[in-house]
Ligand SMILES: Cc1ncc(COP(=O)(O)O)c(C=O)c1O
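A single chain comes next, written as structure tokens; it is the form predicted alone.
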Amino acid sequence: MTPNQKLNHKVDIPICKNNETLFDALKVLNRVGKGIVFIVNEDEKLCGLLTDGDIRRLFLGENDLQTLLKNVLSPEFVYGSVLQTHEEIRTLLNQKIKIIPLVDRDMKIVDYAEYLPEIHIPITQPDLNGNELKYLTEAFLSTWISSTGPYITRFENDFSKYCGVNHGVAVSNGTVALHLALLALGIGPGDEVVVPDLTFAATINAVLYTGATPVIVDVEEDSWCIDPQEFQKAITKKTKAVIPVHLYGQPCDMYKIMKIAGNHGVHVIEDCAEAHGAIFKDQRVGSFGIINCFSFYGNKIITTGEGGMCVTNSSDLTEKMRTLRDHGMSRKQKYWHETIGYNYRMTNLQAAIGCAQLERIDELLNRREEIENTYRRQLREISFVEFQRNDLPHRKKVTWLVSALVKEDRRETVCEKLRAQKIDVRYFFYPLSKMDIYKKYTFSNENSLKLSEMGINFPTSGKLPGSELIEILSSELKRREKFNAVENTIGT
């Protein structure tokens, strides 16, 4: 065994009874995420096991979701005993057999042992422990697997209602949601659209797709979101829209943005890709602008794998977006095209997952907030780490990624140390103004440049292994704090 190979003990043991079905086994596989299910009989005694590979092979044969587990179990399988030593158990584990159940004298499962050749903590993972598999299976069995089906309508209705608006238009990803919103508002060549400097490139790319000219403005130093004053300064006679981005879950100052936009006849299109459920003045983001856009990519707060949505209170804009989304085809006459459109549709399979995710959005948000609060507690003594503000007036941010600023030129060292421990950390987005393809559109960028050099995102997964990550991170940062204090003492 190498230092990274160890026995792993968990309380959530993947168990099914032998009178349950392959569908039940799939649900356990999905919930626990270990790729194996232990099977017990009516006396709770171990009688077999199935891996995800075993189940795939069974489906390739003559079995279906309702096949009973007791009819497909092999009499031969590997298991260990709690009466054995760790060394004896280790001999049963290898690259091929990575997990085995551990039983007591009566063959009842009390734990399991796991072979871990390498621990890797990703920046985030989707949490699919609700009705995702159930709804996805229902959609699959219904044969409505493309861009028509009841889950699409349900997801559009439920998500728009959650945001506090009347209509939703589900699309294939968050980038096309922005593009669709701009197209529906008639924005194109000769128009200007104001965007923040500190954001993912999708925001500015969507503007460029239309032929309009983006105008990059700086962000606020405290919120990291678009600065309303800079937005106002950048307005010209050509300005048709602004896209405030609720960066890393922090709401923009929508009161000031809406007031400025209203005074100048400028459309507001919210980019809510990272802020599902965030609130400004008792109102959820996605309910302020004329059209507002979400992403449901795999790392987002709720996910459909890929996917996005435009939400709006306008019935006319909803119909226009639905037409543009579906090749520009008439909503009343099949195969009659009224305008040049796009294939920007979401599938019923994706929407099924989205419906299940939305059912649990409060749970998912609470779990992410708990993770962030744990970071804040554990790292409160680290003077050079400053977490994202969560005390700004009228703003209730959500945790997309746990975001912080690492000061005193220590970010690179911190990231190198954590990555060496197989902990995935990410720098902030590069400012748009810093990249050659976008810099010519820059209006202002002082804060964006400074924040980007210090920003870091920590792993924010609902499946983090207890406090293991926090302990590693805290230990490393405290070590660096002590080391730098010694250096400073020597220097003086």
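A residue's number is simply how far along the shown sequence it sits, counting from 1. All figures in this text were calculated on a predicted structure; none of them were measured in a lab.
What comes next is about the form predicted in complex with the named molecule, which does not appear here.
Contact check at 4.5 Å (heavy atoms) against the named molecule in the model of the complex: none of 249, 364 and 372 pass. Heavy atoms within 4.5 Å of the named molecule in the model of the complex are found in exactly one of 175-183, 409-417, 350-358, 141-149, that being 175-183. Contact annotation for residue 300: at least one heavy atom lies within 4.5 Å of the named molecule in the model of the complex. By the criterion of a heavy atom within 4.5 Å, residue 271 is counted among the residues contacting the named molecule in the model of the complex. Contact annotation: residue 312 falls outside 4.5 Å of the named molecule in the model of the complex, judged by heavy atom distances. In the model of the complex, residue 135 stays away from the named molecule, with no heavy atom inside 4.5 Å.
In terms of contact with the named molecule in the model of the complex, the residue from 103, 202, 324, 258 that brings a heavy atom within 4.5 Å is 202. Between the named molecule and the residues 291, 193, 245, 254, the one pair within 4.5 Å by heavy atoms in the model of the complex involves 245.
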